[in-house]
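Taking the form predicted alone, here's one chain by itself in structure tokens.
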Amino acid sequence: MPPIRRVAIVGGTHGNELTGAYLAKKFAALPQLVQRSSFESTVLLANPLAFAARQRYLERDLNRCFSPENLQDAAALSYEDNQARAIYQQLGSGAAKADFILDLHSTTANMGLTIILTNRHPFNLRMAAYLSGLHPAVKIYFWMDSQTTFLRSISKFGCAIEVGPVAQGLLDAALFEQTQALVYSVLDYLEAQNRGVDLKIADRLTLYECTAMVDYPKTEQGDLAAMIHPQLQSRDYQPLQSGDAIFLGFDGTTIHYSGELAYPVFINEAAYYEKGIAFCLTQQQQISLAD
């Protein structure tokens, strides 16, 4: 593949996720931290008005505005729709198009350090394998194939970094520094690839692929009827087996899982209450990277 010439580092796609937003502000003030000799790095605070308001978004979730249909919809006129089109013009088209997008996020769920891929291009998979080998705590997560509305999906190459748990609107210094270190590792990997440096990369990658999203039990009126069970809380990436407790009703009733072995993630993510997602089920896969 051709070399990576322009890298976009994006923070603040969600205005109340301060880890990425303040890393973007830091990198913008100190660009030498993210510049490498073989490519240009540009830094973007994606949703500045939401960041100023310390809100996830003003009118709609910016990270759900990047589908080709939405970008071309003249009737989509919210602030975030217009912002998505402006970002696409800056990063997704024309001579200034980003070859690689790194989108920085945080979560209230116990996700640790997670690399989120939008596609299975071999370049992205090898990068993920390198990062997980370099940082053993890193997990690799893959959304469903239909998830093409994310900011990072406007580039074939790239990923998101998702770190947590950290509360919305707060900074956690340890996670901030871990995210920063992971950003530097991504940039160093791209530099090495551009220069043809032979890196030690495992020939297999453990990947957690999203297979389903589970909603909270609801009343007939659509209100919550239960919450995440204490036995499930904070057990992201841990095996979930049939019979395990997943919800605790307000009447004290325990609701048990009845599916096949899975690995839940984004458990009790605060921002997903409005989306009807209590947690995402994943299947653990072993991906061969052998040539």
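Source: prediction; values computed, not measured. In this text, residue numbers run from 1 along the sequence as written.
The same protein has a further form, the form predicted in complex with a further copy of the same chain, not shown here; the description that follows concerns it.
Distance criterion of 4.5 Å from any heavy atom to a further copy of the same chain in the predicted bound form singles out Phe176 from the list Tyr79, Tyr88, Trp143, Phe176. Of the listed positions (Ile228, Leu240, Val43, Cys65), a single one reaches within 4.5 angstroms of a further copy of the same chain by any non-hydrogen atom in the predicted bound form, namely Ile228. The stretch in contact with a further copy of the same chain in the predicted bound form, judged by heavy atoms within 4.5 Å, is 245 to 253, chosen from 258 to 266, 65 to 73, 35 to 43, 245 to 253. For Ala270, a non-hydrogen atom is located within 4.5 Å of a further copy of the same chain in the predicted bound form, even though that partner is not displayed. Although the partner is absent from this view, Gly169 contacts a further copy of the same chain in the predicted bound form, with a non-hydrogen atom inside 4.5 angstroms. a further copy of the same chain in the predicted bound form comes within 4.5 Å of no heavy atom belonging to Leu49. By the criterion of a heavy atom within 4.5 Å, Thr108 is counted among the residues contacting a further copy of the same chain in the predicted bound form. In the predicted bound form, just one residue of 33 to 70 lies within 4.5 Å of a further copy of the same chain by at least one heavy atom: Gln55.
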